[in-house]
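Shown below, as structure tokens, is a lone chain in the form predicted on its own; questions about how it binds or moves come after it.
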Amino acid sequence: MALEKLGKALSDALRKLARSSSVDEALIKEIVRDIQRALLQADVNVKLVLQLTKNIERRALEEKPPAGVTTKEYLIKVVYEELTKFLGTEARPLEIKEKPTVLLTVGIQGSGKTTTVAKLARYLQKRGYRVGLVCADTWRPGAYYQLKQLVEPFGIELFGNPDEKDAVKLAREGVEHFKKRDVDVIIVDSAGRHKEEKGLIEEMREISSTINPHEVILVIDGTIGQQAYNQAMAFKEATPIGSIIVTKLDGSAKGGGALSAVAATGAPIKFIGVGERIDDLEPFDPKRFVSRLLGMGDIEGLLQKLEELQKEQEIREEDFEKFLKGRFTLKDMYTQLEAMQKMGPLKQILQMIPGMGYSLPDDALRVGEEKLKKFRVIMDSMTEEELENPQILNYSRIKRIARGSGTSTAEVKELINQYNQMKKMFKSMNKRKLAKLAKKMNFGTFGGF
């Protein structure tokens, strides 16, 4: 997930609390220091870190848990609440009220704005909206073609003219074009500015006065860390109708700095970019985000992803139930891994399940697209009996399968090991938490739990 290093460090701090035999002032101060260290390593502003951890320590030492709640449970709740408050408390969803709703995106050059525009268009399309894109980026020669390449596979229409140099004219003509096409949402991609916010704001005002967007969206690069504060503040002061998307949070050590800096301005963060795939754009909900960050899962996010897959008829409820119970065959494993790839990286998905946290073995989850293809070739050389009962695969069978699939015995063994690791991992999951998950997903109850 986004900010995995920060999440693991925070999760480790809470695990230390959970494993302690008793809770005293010394332990609380130690946990607070661990949280401070984790946040500072994620490039969060020192003053903000001290303010946050001071609040956690004060509440942990002064407040008494309500009846029926242990001190440990209450302290975890305090950490969760303070981190959530730190990142904005409430989700601020993007609202599509009028038809067509016009959105204008702005951003510093290199912020990932054009890719984010494509992601936003795809996000809205998956929710049933007809989207039209306008490329008004006249500064970067390849902007139009990049956007076209990203959205063409999904049938999203793009308006633009790579030879036109007047951005305001392109924006106006593009909006007029799509108003006649009966679309629900029009997204205008403006030119990325270079460095200073002043030029960015001026262009935003010029295009805004021409197309009258319902909302202006600022795209901020998550890798710039605490510098995001100045961009967000300048934007917030310039427009009363605005929202922010923070990109590149998946691999950035400075992501925590960017996210907390933007939140500190009070500007509404509506989405975060958490990967390179066009589907890797998530609505920003501080409560859900912190829950995943602390290893507590994100049932709502998991359900949304499952609903999307079910609409595309890629995954069935009974199949997912079987997978979670650790009762699956090689064929089941392949089908589920293939479907889950469309939801995002498997590790990211499993971290949405409460209790999975950051203890998942990487080797059991690192299944790339190429490896999946190889697994399919190997499985095509197996008999139905071998696919249904992998435990019967002895050396002579493995040798025959390798020869028939044009692979090595080591690669066949790798598939078997992958299968055994995943079965072991799911069987070791907390049964009560799985039962709760099943109930939330309306799968009924898992037998024997």
Ligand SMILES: Nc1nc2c(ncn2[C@@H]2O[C@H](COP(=O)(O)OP(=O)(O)OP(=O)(O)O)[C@@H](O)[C@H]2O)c(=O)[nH]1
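This is a predicted model, so every value here is computed, not measured. Residue numbers run from 1 along the displayed sequence.
Here the subject shifts to the form predicted in complex with the named molecule, a form of this protein not shown in this document.
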How about P283 - does it come within 4.5 Å of the named molecule in the model of the complex, if we only consider non-hydrogen atoms?
no
Can you tell me if D250 lies within 4.5 angstroms of the named molecule in the model of the complex, counting non-hydrogen atoms only?
yes
How about G128 - does it come within 4.5 Å of the named molecule in the model of the complex, if we only consider non-hydrogen atoms?
no
So, K119 and the named molecule: in the model of the complex, are they within 4.5 Å at any heavy atom pair?
yes
Candidate site G112, R140 and V274: all three near the named molecule in the model of the complex by heavy atom within 4.5 Å:
yes
Among 263 to 271, 167 to 175, 86 to 94, 140 to 148, the region lying within 4.5 Å of the named molecule in the model of the complex by heavy atom distance
140 to 148
Of I156, I108, V185, V216, the only residue with a heavy atom within 4.5 Å of the named molecule in the model of the complex is I108
